[in-house]
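One chain is shown next in structure tokens, namely the form predicted alone.
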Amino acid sequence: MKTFSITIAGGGSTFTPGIIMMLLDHQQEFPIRRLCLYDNDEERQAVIGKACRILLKERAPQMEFSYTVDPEEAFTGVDFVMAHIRVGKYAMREKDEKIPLKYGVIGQETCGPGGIAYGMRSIGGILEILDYMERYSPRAWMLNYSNPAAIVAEATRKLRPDSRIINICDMPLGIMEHMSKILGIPAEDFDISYYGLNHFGWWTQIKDREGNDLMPALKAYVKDNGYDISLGDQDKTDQSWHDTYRKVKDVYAVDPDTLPNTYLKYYLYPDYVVAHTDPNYTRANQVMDGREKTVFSAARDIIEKGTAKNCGFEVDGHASYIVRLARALAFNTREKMLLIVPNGGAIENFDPEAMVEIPCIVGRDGYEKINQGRIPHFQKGLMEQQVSVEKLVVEAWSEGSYQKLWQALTLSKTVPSASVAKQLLDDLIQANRGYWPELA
């Protein structure tokens, strides 16, 4: 069987060990001959890299492994680049979340002003990695996991239209795992129809392999519980996620003909989110005190002991999505997957140049979009507003335009007025000096 060379861009991320563990679990169907980690933070990556070298020596000694800050070394001779970078790391995410809250506006990683700020940082980083890949391995595919996926996807569409990049998000997969537990049916047996933007979409159909309609049972559950489920003693879900899954019942009430993505709560109930957020201890603080410490502690423990036996690294179930995508491209499996792609008429009554999240068939030559037909006025109106925000952000980045970024913030459904948008923008410019292009 053919073997593959993979580079993980964002090698110092807390998600990297989980992706590697998932790759190890799928060696039979997706064999790897070489794995390289790439990051521009040498010190941070070294901790993850040293621990993963020990892990791979014990569990996959045949695999060539390295970690580097040299782009030529990282991107030469690769088949796939799996990118999940975070420009500014969690320190900047904390600012993304806390600055808007000063103005009574939601502070969130990918939605509203926080997502716009993060997007302005991410665009340059993703384009840089994409250019490295195309310089040293022009036939490779980039599978991009980096947030905020909607803004990043629009940037690559507009600024690198011929690039071999596929943008994906694991959030719908995570929601479908909850649906699976609600119904007692494996998520891989679902046949779905779905449309929207990233973190901004709706399921219109969910059937099982025999064609039975699963929507009525799901709707009956969601009406009272959202997507929230109890896993008893095995439950490792953060309380904030339980709250998010429960809030879906209110999002669903606005349009009971569909089932919504969890992130729609930020756009439809922003006042609720602000009222239930501690401005002094946001999600970034939870992650820094939780996942960040846990993963790096596990890595240092492996390095100290010199063995990864009984280590604290865990398989990242969501990482299975990126492995499935790579395998579909490599072996032409023709698998149906949700991707973020140029609309091009797949949603018939929507902007053909919008980057939409829809089911596609993935094979050797890329993807084929599955037509989702026409969409209702409610979703269409929401999506047109949000996609305009994303396009304005990319134009602001590429043109260095203060005016367009002010317009983007003003247009966001999470921001109450143009005056608040301007105050937010001026604060965010100060916080992001050295990360954003100069705006005039």
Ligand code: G6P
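As the structure is a prediction and not an experimental result, all values here were calculated from the model. Counting begins at 1, following the sequence as shown.
Not on display, but discussed next: the form predicted in complex with ligand G6P.
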Would you mind picking out the stretch of 158-166, 361-369, 246-254, 85-93 that comes within 4.5 angstroms of ligand G6P in the predicted bound form, counting non-hydrogen atoms? 85-93
Assert contact residue (ligand G6P, in the predicted bound form, non-hydrogen atom within 4.5 Å, options H178, H199, K265, R324) equals H199
Just to confirm, with a 4.5 Å cut-off on non-hydrogen atoms, which of T258, N147, S137, N343 contacts ligand G6P in the predicted bound form? N147
Indicate whether R291 is a 4.5 Å heavy atom neighbour of ligand G6P in the predicted bound form. yes
Touches ligand G6P in the predicted bound form: E109 (any heavy atom, 4.5 Å): yes
Distance check, Y221 to ligand G6P in the predicted bound form, heavy atom within 4.5 Å: no
Any non-hydrogen atom of E335 within 4.5 angstroms of ligand G6P in the predicted bound form: no
Please tell me whether the candidate spot formed by R34, M63 and Y67 is one where all three residues come within 4.5 Å of ligand G6P in the predicted bound form (heavy atoms). no
With ligand G6P taken in the predicted bound form, which residues across 158-173 come within 4.5 angstroms through any non-hydrogen atom? C169, D170, M171
